[in-house]
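The chain that follows stands alone, in the form predicted on its own, written as structure tokens.
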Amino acid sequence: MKEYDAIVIGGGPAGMSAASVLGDHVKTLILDENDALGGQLVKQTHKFFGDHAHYASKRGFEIAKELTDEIYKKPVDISTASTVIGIYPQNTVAYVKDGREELVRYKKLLIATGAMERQLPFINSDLPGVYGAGAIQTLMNQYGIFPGKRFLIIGSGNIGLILAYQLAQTGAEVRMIVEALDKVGGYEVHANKVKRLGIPILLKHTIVKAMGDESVQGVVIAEVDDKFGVIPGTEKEIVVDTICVSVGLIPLTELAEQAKCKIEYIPELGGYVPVRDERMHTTNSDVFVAGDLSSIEEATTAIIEGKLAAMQIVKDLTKTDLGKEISDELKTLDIFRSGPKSFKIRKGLEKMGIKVPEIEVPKLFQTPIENAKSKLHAVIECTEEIPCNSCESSCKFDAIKVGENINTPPIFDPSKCTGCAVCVTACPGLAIFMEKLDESPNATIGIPYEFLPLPKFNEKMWGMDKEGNYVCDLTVKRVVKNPNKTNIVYVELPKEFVDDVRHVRYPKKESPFVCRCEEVTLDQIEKIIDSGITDFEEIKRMTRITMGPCGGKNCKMITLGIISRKTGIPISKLSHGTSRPPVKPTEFSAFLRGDEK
């Protein structure tokens, strides 16, 4: 039986980063059940947050390749297609490879088996067409197989939001994202990417049942109360052929239990997790854990935890002084976990006896942008405290400041911006745009674009707002291709809409709604204008545009823009109609007096 100084179970981000460190110091074996190392990274096509020391702005499959290439340069024994089936006495690991059981012994063991997708019970959840998010990503991003055409996603965490965006990139229709909580669970920038594609996020709703005989043909959703109970009478039917469940992950603790590690239920960390110290040491002196097995977090923290565990193993086995390196990794973890989004993680770690120190996220002040509007400059729409400094790292002109705590929202100095737009292509959240306003009636904006086909010079496209609604027609003036596939499409559009347009799309054959309240389409308005009627009030009377519950807050400027485009008259010269009370929807009962009925 072979014996190793260190055995790593799991070839995901935690296991790979650990094996890379261990290989430089001790005899190491890494085991993984897949045909290649990489874990979940190999099917992640989005760019990662974090700092550049931990692969920020790189896509998951690129990170997997870099880590794999690094390991293969080290004296590490690598056994893929190897399924670990048990941990036995005398520090023995049993695994199956090529149909045969193999046994190996270790001095130190790192378990980095990750997690599995949490299930959600609902009627007919066993119908073909019900998938977990990871399954769809595997089919789509690894094997090019598309399980459906019309999708409903349950859960608005980062995984659900990212999957919705990736599905839209393939041309699939994502009908909506349903979330039982009263707020989006994932990063705001991920939610914004999805919403400007026209994918609605329905809060305080859940799935009731899947419909269909032999496969999914539709779904029933309903509103939920504060205790997540279905509110009778709120059910809605939606036509879909694929349901994606993305409601969290559960750590895979079986091997840790077999290794005699103490397991506790800590919901903030994902459920049952091995008890461990800040250096990833479990209650078994020979066993360490890292990654999603220890707490459900981002891949970046998994990478850091893997390094941390490996350094402690090396220190234990060789007595090498790695105190400074370990201290640096611990400090990095503390910074990553200091933001508001990591509150639950900090609370869970405290239950385990690990105190994450409070690190202040400074409040910086934005430099006024008015004096830079005449030149091409960046517009940063990232206000959430998330661990990322890609924009700061990419800017060579010191125009963007994040600071030591990477949870600090970026601060932009327009006077230092050269208009190079490198920050646009680096931002994992696609939250940076380019803008230029001068004396002409039109403006220029640069929009990050990750779809095919790429627009071409002088093509006419639709400008869409932050909620995916049509705003105005625009003209493509330049397309800048980037090796990381975040291209920039520069478009010309009426100046009035420069702060509204955040996405471009090719015109659809069906006409988009300009007024959603009254369901008035662009085609209807254009036909009325073509007939010779160009007065806003007259168009309003003919179509009921602006007469819905929003009172024209969403559609008035869009309608004026259409009139301006069709007639050539600047919006400033058009009459914008009369504002009448009530300015917000009001029940008739509010106007009753005394005993009136």
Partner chain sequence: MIDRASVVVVGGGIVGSAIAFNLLKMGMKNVCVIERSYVSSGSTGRCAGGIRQQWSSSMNVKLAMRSVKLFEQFEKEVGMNIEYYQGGYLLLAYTDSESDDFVKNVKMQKSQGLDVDILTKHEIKEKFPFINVEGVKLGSWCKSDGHANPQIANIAYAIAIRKMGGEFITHTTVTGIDVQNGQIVGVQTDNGYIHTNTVIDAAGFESPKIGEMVGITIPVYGERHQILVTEAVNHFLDPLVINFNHNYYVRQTRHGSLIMGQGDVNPAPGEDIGNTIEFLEEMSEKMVRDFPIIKNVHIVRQWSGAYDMSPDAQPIIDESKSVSRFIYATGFSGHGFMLAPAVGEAVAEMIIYGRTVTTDISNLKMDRFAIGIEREHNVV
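Residue numbers count along the first chain shown, from 1. If you're wondering where the values come from, they're calculated on a predicted model, not measured in any experiment.
In what follows, reference is made to the form predicted in complex with the partner chain, a form of this protein that is not presented.
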Looking in the predicted bound form, is the partner chain within 4.5 Å of a heavy atom from each of 458, 473 and 480? no
Would residue 559 count as a contact of the partner chain in the predicted bound form, using a 4.5 angstroms cut-off between non-hydrogen atoms? no
Does the 4.5 Å heavy atom contact test between residue 542 and the partner chain in the predicted bound form come out positive? yes
Using the partner position in the predicted bound form, report whether residue 531 sits within 4.5 Å of the partner chain, counting heavy atoms only. yes
Although the partner chain is absent from this view, report whether residue 592 comes within 4.5 Å of it in the predicted bound form, heavy atoms only. yes
Among 49-57, 65-73, 563-571, 533-541, the stretch whose residues bring a heavy atom within 4.5 Å of the partner chain in the predicted bound form is 533-541
Checked 257, 328, 286, 518 for heavy atoms within 4.5 Å of the partner chain in the predicted bound form; positive is 518
